[in-house]
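Okay, so here's just one chain, in structure tokens, the form predicted on its own.
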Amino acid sequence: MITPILHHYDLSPFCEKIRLAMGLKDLDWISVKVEAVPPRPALDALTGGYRRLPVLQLGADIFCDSALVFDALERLKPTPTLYPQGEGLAKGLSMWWDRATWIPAIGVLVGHIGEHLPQAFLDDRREHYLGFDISKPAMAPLLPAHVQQMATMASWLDSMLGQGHDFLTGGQPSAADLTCHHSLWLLRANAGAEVIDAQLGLSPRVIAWMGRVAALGHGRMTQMTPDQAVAAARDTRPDPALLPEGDDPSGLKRGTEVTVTPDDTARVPVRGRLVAANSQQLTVSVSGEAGDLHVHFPRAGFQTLPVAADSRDAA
């Protein structure tokens, strides 16, 4: 089995849920630490410029977005599964939580430790994610609303756990648990568990559930530098077995030059040639410093559009 390479940084909650997936699956993996704020030249060489994290590398196959990273790990090691109750429930809960809690969680975090965060980090998240500088005094009235939103959604987790199971969708942990854990983990790890538990009114059930999720651990990690990861990609070829099967439901044809762009935040397009696509996943080819790569994206949460003829001519 190929050893997965995870490009990540410590503070990222989206990276934390993938680290927990490594633990759930009891995997050996390679850690490549990257900067929280671009530039990230080695990672850009692997992804074609995709700016969000985490990114998973399997040789010359690069998987973008945590939802697709879950799927890649599931294929790499099917048991124990990330989807014990099926993919639909876990993926739906995960996408809801990611999108619903991102801004309020950052708001609560900055309310507690904003003065300790580098200005470059705040500026970057304002420009690419939030649309405003939440650290400014004018934003202070929003902070109670962010607390309220996080408290409301945490109470929904309590309701799910009130069905008598140890985890959100049943007796076994799923991708939904790893996702819904991550925003609360971010706040408790950086602002203090007792402070956040009291402020958000986290129930004993939610706190105990967080302990069970954290107990999954992070698997067994070794280190690699970003340049070594680029070399590892350059020294191999993409695996055709990792391509999605089927056809693109919107009618895009293989070989079409396309851009792939997140539809919510960090809307930086990746440009490549479509290799394969179906309703769940697509793959584009990207060539450059890291060699000939296949870069994989989920369909949910991304826009894939053909490159206009005049744009191709200009390039």
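The numbering used is simple: start at 1 and walk along the sequence shown. Since we're looking at a predicted model, the values are computed, not measured.
The same protein also exists as the form predicted together with a small molecule; that form is not shown, yet it is the one meant from here on.
Peer 1: Flag residue 283 as yes or no: does it have a non-hydrogen atom within 4.5 angstroms of any non-hydrogen atom of the small molecule in the predicted complex?
Peer 2: Outside the cut-off, so no.
Peer 1: Consider residue 66 of the chain shown here, and say whether it contacts the small molecule in the predicted complex, taking contact as heavy atoms within 4.5 Å.
Peer 2: Yes, residue 66 is a contact residue.
Peer 1: Check residue 54 for me: does it contact the small molecule in the predicted complex (non-hydrogen atoms, 4.5 angstroms)?
Peer 2: Yes, residue 54 sits close enough to the small molecule in the predicted complex that at least one of its heavy atoms falls within 4.5 Å.
Peer 1: Evaluate residue 12 for contact with the small molecule in the predicted complex, applying a 4.5 angstroms cut-off between non-hydrogen atoms, and reply yes or no.
Peer 2: Residue-level check for residue 12: yes, a contact with the small molecule.
Peer 1: Would you mind picking out the stretch of 167-175, 98-106, 191-199, 148-156 that comes within 4.5 angstroms of the small molecule in the predicted complex, counting non-hydrogen atoms?
Peer 2: Every other range fails; the passing one is 98-106.
Peer 1: Since the partner isn't included here, can you check whether the small molecule sits close to all of 36, 40 and 125 in the predicted complex (heavy atom within 4.5 Å for each)?
Peer 2: Heavy-atom distance to the small molecule in the predicted complex: all three under 4.5 Å.
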